[in-house]
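We give structure tokens for two forms of one protein chain below, kept apart as structure 1 and structure 2.
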Structure 1
């Protein structure tokens, strides 16, 4: 299957600050991709370059098979985008902005727009400037989904929503986009939402890719081992590839593993121990360790 997004050494500088630094990644079509990073990691800049709203200083990229610099208009026609900050014409009413956006697209789905206007109970006659932050986000989602895009890009979409609305928002994305075999690119620092729905996650920091893996693989291989051996063990045991770090307190070790878990477990279990615990790590714990650890 063709990837929906391919970025190759993409870079963008603002003055001396490298906002995006040689970023390469691939997003397979039909998946839900979580794009994670702390604030200021370069997530929004990357998205803007993917949509041709900002020009890269180096590298290249293709979105839905089109070049992000030369064919960005074609990309935008096939891509739904919910920005972090909703910049819609404040003086228009809900109905007016829908009528305004519709002619830009050939595949606009009126039924879908109507369904979700009713679902969210958005008042058609109300001016956008009078809507709450949550309502603006809901309206932006409708405007992004109605053209039935092949790719939906969401930049911190749920930050203005409460817990119930966030879950609803995710369910709608699953129903209208993921279950139709389309691709979702979900950028967020809210790990809970990503953890629930993503297939693949990428973690970026200072514009650089730190890790990209399936969420299932992250959760099955990134673990902590807490072990108390019965006798002294050789120090080489902890220098195996896949061990990120370890701490020792007397005969107790806490070992952070990020790869080759099964081999490491087999090696450790050659030595008699008193206790041996494998501690699962959720996405938040994995994220914090990676983002804190890779200081540069």
Structure 2
């Protein structure tokens, strides 16, 4: 099966600033893909180029097998998109914008739209300008899901939702999209949410890809070691491949490991120690360690 998304050396500049810098990645069809990075990392710019809403300065990309520059209209017909900032016709009511959008999609599912209108308890007759931010996000999700897209792109989709609605939002993604074998591309700063649902994650910084792995692989290979040696050890011990950084906390060394865990453990245990702990990391801790840069 071809990847749902293929980006090769994709680049975009605004003045002298490289918002996206030779970004290459592949998103397998049928997966939930987390796209992570600090503010200003280039996430939204990448999404807009994928949808043909912004033209790249360099590189190329294909979404659902179609070129992002030459076939962007065909991409958008098969893609649902929930933007971070919802821009809708404010003078329309909830029902009016649903009726307005429906004719643009041959695969529009009235049953699905009705189901989630009732689930979110959105007032059909209320004007969009009077909706809260969370209600606008819920409406945007309905408009994105009702056409039953092959690909759902979500850019900070849970912004403005309370805890209960965030959990329901994630459940909907899993039940209505992922279990049907469709692809979800999820960009969010709420890393706990991403960790719950994503199969793969990519982390970008300053527009560059700095890591891409499965959640399981990240949590298996990225650890911290806290060790108190019985006597001072050679500095080169902390230069082993796979060690990202280390700090001293009193008599203890705290070492961040991102690869080669077993080899590093074997090397460390050659030296007598008082205490030796392997500390699991959640996605937020892993993300923060990667984007803050090496610190020794």
Partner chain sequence: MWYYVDPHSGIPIYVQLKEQIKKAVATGLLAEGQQMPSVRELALQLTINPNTVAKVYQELEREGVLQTARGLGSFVAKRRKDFGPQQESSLDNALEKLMVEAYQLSVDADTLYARFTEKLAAWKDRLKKGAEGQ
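Numbering follows the first chain given and starts at 1. Note that the structure is a prediction, hence the values are computed from the model and not measured. Take the two forms, superpose them, and find the largest set of C-alpha atoms that agree within 1.5 Å; that set is the rigid core.
Of the two forms shown, structure 2 is the one predicted on its own. Core-superposed comparison between the two structures: the CA of residue 69 stays below a 2 Å shift. With the core held fixed between the two structures, residue 251 has its Cα displaced by at least 2 Å.
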